[in-house]
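Shown here is one chain on its own, the form predicted on its own, set out as structure tokens.
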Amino acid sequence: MKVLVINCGSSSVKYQVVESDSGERLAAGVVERIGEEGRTHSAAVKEIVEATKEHGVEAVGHRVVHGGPKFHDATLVDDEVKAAIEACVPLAPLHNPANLAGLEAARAALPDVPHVAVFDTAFHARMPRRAATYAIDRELAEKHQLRRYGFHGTSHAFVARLAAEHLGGDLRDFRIITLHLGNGASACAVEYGSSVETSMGLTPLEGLVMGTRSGDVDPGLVLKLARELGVDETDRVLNRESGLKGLSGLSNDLRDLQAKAAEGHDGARLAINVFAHQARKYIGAYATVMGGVDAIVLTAGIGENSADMRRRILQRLEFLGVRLDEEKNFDAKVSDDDPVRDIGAANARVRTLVIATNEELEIARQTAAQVQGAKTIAVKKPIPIAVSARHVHLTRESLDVLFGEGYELTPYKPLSQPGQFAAEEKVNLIGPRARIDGVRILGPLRPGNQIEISRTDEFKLGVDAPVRHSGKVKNSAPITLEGPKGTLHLEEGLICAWRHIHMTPEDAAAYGVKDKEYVEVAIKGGPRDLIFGDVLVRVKDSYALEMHIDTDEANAAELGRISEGDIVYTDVYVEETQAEAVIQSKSPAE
């Protein structure tokens, strides 16, 4: 699909025409001096439409900086979406008005093609609450929508996916730290395909040191400056006179600072050292958040082009498994045609990659996916919801420790998934704060131990269990199991299970979804309307159609654990397809 990508700023409009499938750039340019001599966004967009009409544009993708709490994905634009973007103006007063102006002008100039808004914040919209929440008064935060949103989402998503392809696996198999280092800079922790932490927050001012932005500072410093200088001047200083420019007293261009540093300029040297120190600090923090890291990616102007800054950032990270190959780092050159370079030593446990970002291509692909997926498939087959209580999966070795060598599980009742059963046997979970007795074992035995609990259980036990897909227990939480014949301490294996739907290939075809895609399930018509986001689709011939949620999630939707007859309607939204389905709650699997 030929997509016109528009990035509309306050004083310029950048554009590209991109073939979304091949990635070919058919046209590119920029219209500048918006606002001068009566030059408007509308006039600029008309110029762009005229300059690109020979390419037969089939859709328009608009970069929108702030999507607020509403938008989790790229979205087809209508009047309701436009109003929601406008409502986010207070959160991004420097960006969203210009984005809106470009969007309105393009819809007027190209009324017969679909327009899609692609949000910088969308990739981070599903961060865990613990990462997205500021420690301020909750009512105040909710009233003013004060939370950490994150930015540069299209770049982080693009390079993380390329990193996974380079590593030879699926993005959902890796823990990746991405560093978008340019005049604007941000870090992101991508855990098994999802953004779980990012350095920018309510605005793009938080986080790493940038060209002219301060990044992290004590809020007390902001208050002091506001009292001394006034709010508007403080805003100007922190956004336009800080960062590399403020530290050096010279420039926000790293190339200039490196040249001056070589001549002995103290301010330039300080700016370079603070920039590298802050980035290195975030790498260590994000590796801790994810319980490890498989790859570190450096991208954007500085990340792609400064071998010296890459070396400074990645030094002293040997304890994580990072080992830099100096020659590879010095020689690394990336482009759209050759976007990935591995600069790590052959024996490094953690791969270090330089990747050329391409936000325009990412916007084009997300635009095409929305346009091509904007269809509705009527599905009559109901999806049962099983409320899954806390339970334990064990290995042969663990069962021997807890119940005695050679012990065999006694089936209590079969589960909905073929070949699986709830066993008569139960164990006790012992955490740092408390214990939960009588937790049922599910069979058959597995190659790895996995204990699944809810958030409520997590707080009771006093542990910090990550939300993980089944089988992804590496560097998860520790737990002690107590059985009738012994006690077993596991260093990992305790998780809160990611909600998911089991499907056969035939079911997946009926719903228009694929294995490992995510859907949103909106439960309507029951005691409480609720949307379950990020529901993982798992497809296998041996599966039976069923959605699994835990007890906390069922309570939130007021779905009874033994509810049988109520049928409620739901919309299932997929990255590429929108389908309507029927959801039915039923007796839970234990």
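All values derive from a computational prediction rather than experimental measurement. From 1 onward, residues are counted along the sequence shown.
Although not depicted, the form predicted together with adenosine-5'-diphosphate (ADP) is the subject of the following passage.
Only one segment in the set 293-301, 444-452, 166-174, 107-115 has residues whose heavy atoms sit within 4.5 Å of adenosine-5'-diphosphate (ADP) in the model of the complex; it is 293-301. Taking 492, 253, 241, 86 one by one, only a single residue has any non-hydrogen atom within 4.5 Å of adenosine-5'-diphosphate (ADP) in the model of the complex, and it is 253. Checked against adenosine-5'-diphosphate (ADP) in the model of the complex, the candidates 456, 417, 395, 306 yield a single residue with a heavy atom inside 4.5 Å, and that residue is 306. In the model of the complex, no heavy atom of residue 512 sits within 4.5 Å of adenosine-5'-diphosphate (ADP). Although the partner is absent here, residue 183 sits close enough that one of its heavy atoms falls within 4.5 Å of adenosine-5'-diphosphate (ADP) in the model of the complex.
For the chain shown alone, residue 258 is a contact residue for adenosine-5'-diphosphate (ADP) in the model of the complex, at least one non-hydrogen atom being within 4.5 angstroms.
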